[in-house]
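Okay, so here's just one chain, in structure tokens, the form predicted alone.
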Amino acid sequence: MALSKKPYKGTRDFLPPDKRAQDYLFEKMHQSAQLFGFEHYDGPLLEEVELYKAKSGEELINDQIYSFVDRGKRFVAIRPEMTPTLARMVSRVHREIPKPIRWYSIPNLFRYEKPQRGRLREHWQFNCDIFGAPGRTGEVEIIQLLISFLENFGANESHFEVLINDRTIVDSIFSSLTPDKETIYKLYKLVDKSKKIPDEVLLKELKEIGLEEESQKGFKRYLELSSFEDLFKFLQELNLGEAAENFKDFYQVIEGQNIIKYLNYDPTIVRGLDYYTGIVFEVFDKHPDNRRAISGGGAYANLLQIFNEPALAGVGFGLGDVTLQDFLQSHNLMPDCSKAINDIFISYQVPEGYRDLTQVASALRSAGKKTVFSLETLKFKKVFSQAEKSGANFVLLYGDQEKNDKCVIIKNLASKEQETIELSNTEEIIKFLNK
């Protein structure tokens, strides 16, 4: 049977144009995180499955992880997410290093899922987390970072919005509707899918979980909230004003900032039910052809407890490279990565050219110029097509006349300006390239 030339289902080959696009995304990730003082970390691609069992849901463990027993009889998995590894690493050092801890990573992740738009079995994810920040400052900064990151691509409030909620408030509201914890859990599940089901199905499910009629009305009123002001008014009506105090502190901080134009309250945003404990948010693409969440995150306090460490306030977000690229392409914010970008293409039309120009190429590379050196004699009519394919901005020509005169011709392919420069005068060549 002939071997397939296609990559494994749900993964990608990164040919040079694809890799240039990915490198562009990664460069923006590094720049944005480091502008906020975040430090880069990474962890192993393999972890013991027990680590994921301690933090992750049953769906991931039973259906989505790539796992196997290694030669040492250890049950291990190729990492499906970075958070358990992050928790393990922070639990080792958090007592010794200053806080707040600001870390970011761009891990390669694997999940056995059905490949579809925005979701593959292998992807890279931009993760940023803060541990030990006082009050709501960590949440404010992590949202600022996420918005700043997307703005660095040229995106603005016409392209995306940040939908936000607070799990502390949701807990208080649901507890006022019913004292039963199992019913509250079912309400969380219901609110999470409420936008995807018709009203009659919603009402039917509310009855099935045993919620009293008055509480059903309260739940439906909660789902109708559409602004921060609506939320605060609703909480006052339920005598839950105290539950809103921390969220009001957060809102007062962001109210006077530029990021407020991106933020909208959404009662259906609750995120991972067993994980987040405070503010939760999702970034939604506003493009009609790609109306979906492209990133999500929130505040958590109990992450380190799986290692018997005390609670430590944390907040973070994750953003996958697949959904990010879909977002950028939908809004025409992705640059053209189909061609390489180089400074100069060195060509020669005489056999001695390779020997004569080797030192020139070395000098240009030492000066930081991306130099493509032809490895064969090129006829003049082929030089410019080769230079264009290489993505060069300049071309160097070296024919019989130049060999006799011990010089080279340098041509700017955009402006068509050219100069004849002595072969040995690499400083003058570099000066021309710098124009």
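Numbers follow the displayed sequence, beginning with 1. Nothing here was measured: the structure is a model prediction, and the numbers come from that model.
If you look for the form predicted together with a small molecule, you will not find it shown, but the lines that follow are about it.
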Would G298 count as a contact of the small molecule in the model of the complex, using a 4.5 angstroms cut-off between non-hydrogen atoms?
-> yes
Using a 4.5 Å heavy atom cut-off, state whether Y275 contacts the small molecule in the model of the complex.
-> yes
So in the model of the complex, does Y104 come within 4.5 Å of the small molecule, heavy atom to heavy atom?
-> no
Quick one: is I294 in contact with the small molecule in the model of the complex, heavy atoms, 4.5 Å cut-off?
-> yes
Given 116-124, 252-260, 205-213, 178-186, the stretch touching the small molecule in the model of the complex at heavy atoms within 4.5 Å is 116-124
The small molecule isn't shown here, but in the model of the complex which of G320, P100, P267, G218 has a heavy atom within 4.5 Å of it?
-> G320
Residue (of R167, R111, H331, R88) lying close to the small molecule in the model of the complex, criterion heavy atoms within 4.5 Å | R111
